[in-house]
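Before any questions on how it binds or moves, here is one chain, the form predicted alone, in structure tokens.
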Amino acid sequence: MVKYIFKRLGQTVIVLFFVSVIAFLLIRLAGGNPALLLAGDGATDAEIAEIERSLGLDQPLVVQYFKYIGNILRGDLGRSTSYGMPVANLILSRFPNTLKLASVTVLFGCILAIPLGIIAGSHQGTVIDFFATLFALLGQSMANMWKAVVFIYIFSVWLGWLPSIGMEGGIKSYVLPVMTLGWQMSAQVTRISRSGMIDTLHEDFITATYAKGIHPLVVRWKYAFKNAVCPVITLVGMRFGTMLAGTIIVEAIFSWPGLGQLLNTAVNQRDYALVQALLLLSGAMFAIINFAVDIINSLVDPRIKLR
């Protein structure tokens, strides 16, 4: 197990290196001049050149990259031009809001979808299976933007039960964003759980457990689900990583002060340092969560590390 962990850790470090390279190059290849943006439209060529020298933009890309990595290792992600403050402080102030929203959404999605998928897969062709399939189909078919608008109209405008923007409403503020994000995630988890249960319940070892007289509920939850859970863990991990990276559309619609809204502002304002830091953070979170998911899957199913 230790050997497997170190192997996956080494792969994660390599992935993080390529993520840093891609985040660095994307900003350079996107066009535009950060020095010109900082200097303003009325700046002279000499003023722009001075800013380029102060930022190191006049140096070769290789030199710029190693300086960039050195700054990251020291915790210096640059300074935001649109907010006028260090990028690291800006991200640290917004990340907890996205983390809270993502955590509540994943918890809501798992509590709803995993039992629904197991029950539907265990009762294939029944009314429960039909409604579970319909729930998954609708959740994956409808865009988050459309669902958000419908939820706001029903629960905020028409009924007046829930706040439509911001976090000032406390727990009530989470309901609409979580419903919007959670339905799509629940739909995917339900579909994967259902498919995994259907496949597993047709395995020979499941037939053998039934033949031993073990109660059907024990067979489904203890034996079948354990062998069908790895794809579910992987999907939940990836969805969690996506939400941590910033759900731009949902956070913009609900004015949620998280990383998604921050990225939207950074792109619109051409805030290069902030965009670069958010790209790096998104890739790093995906790599780290993927590493954690692989470790969890190897603990659930020991056959994984043997492969």
Partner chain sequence: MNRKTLLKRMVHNPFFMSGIIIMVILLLILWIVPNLIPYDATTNSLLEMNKAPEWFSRGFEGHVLGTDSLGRDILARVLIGGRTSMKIGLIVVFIEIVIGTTMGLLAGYFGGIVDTVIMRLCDIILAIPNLILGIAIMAVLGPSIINLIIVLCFTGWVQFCKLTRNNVIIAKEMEYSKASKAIGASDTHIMFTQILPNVTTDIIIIASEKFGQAILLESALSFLNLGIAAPAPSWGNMISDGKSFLMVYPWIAMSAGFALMFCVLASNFIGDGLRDVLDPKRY
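Numbering follows the first chain given and starts at 1. In this text the structure is predicted, and so the values were computed from the model without any measurement.
The form predicted together with its partner chain exists for this protein as well; it is not shown, and the discussion that follows is about that form.
Novice: Among the candidate stretches 140-148, 84-92, 68-76, 170-178, which one is within 4.5 Å of its partner chain in the predicted complex when only heavy atoms are counted?
Specialist: Looking at the partner contacts, the answer comes out as 140-148.
Novice: Should residue 26 be classed as touching its partner chain in the predicted complex when contacts are defined as heavy atoms within 4.5 Å?
Specialist: Within the cut-off, so yes.
Novice: Is residue 22 close enough to its partner chain in the predicted complex to count, meaning some heavy atom within 4.5 Å?
Specialist: Close contact exists here: in the predicted complex, residue 22 approaches its partner chain to within 4.5 Å, heavy atoms only.
Novice: I'd like to know whether residue 256 contacts its partner chain in the predicted complex, with contact meaning heavy atoms within 4.5 angstroms.
Specialist: Residue 256: no contact with its partner chain in the predicted complex.
Novice: Whether residue 267 contacts its partner chain in the predicted complex should be assessed with a 4.5 Å heavy atom distance threshold; does it?
Specialist: Judged by the heavy-atom cut-off of 4.5 Å, residue 267 is in contact with its partner chain in the predicted complex.
Novice: Any chance all of 263, 275 and 283 sit within 4.5 Å of its partner chain in the predicted complex, going by non-hydrogen atoms?
Specialist: The answer is yes: all three residues contact the partner (heavy atom, 4.5 Å cut-off).
Novice: Only counting heavy atoms and a 4.5 Å limit, does any residue of 167-205 reach its partner chain in the predicted complex, and if so which ones?
Specialist: The stretch touches the partner through 191, 195, 198, 199.
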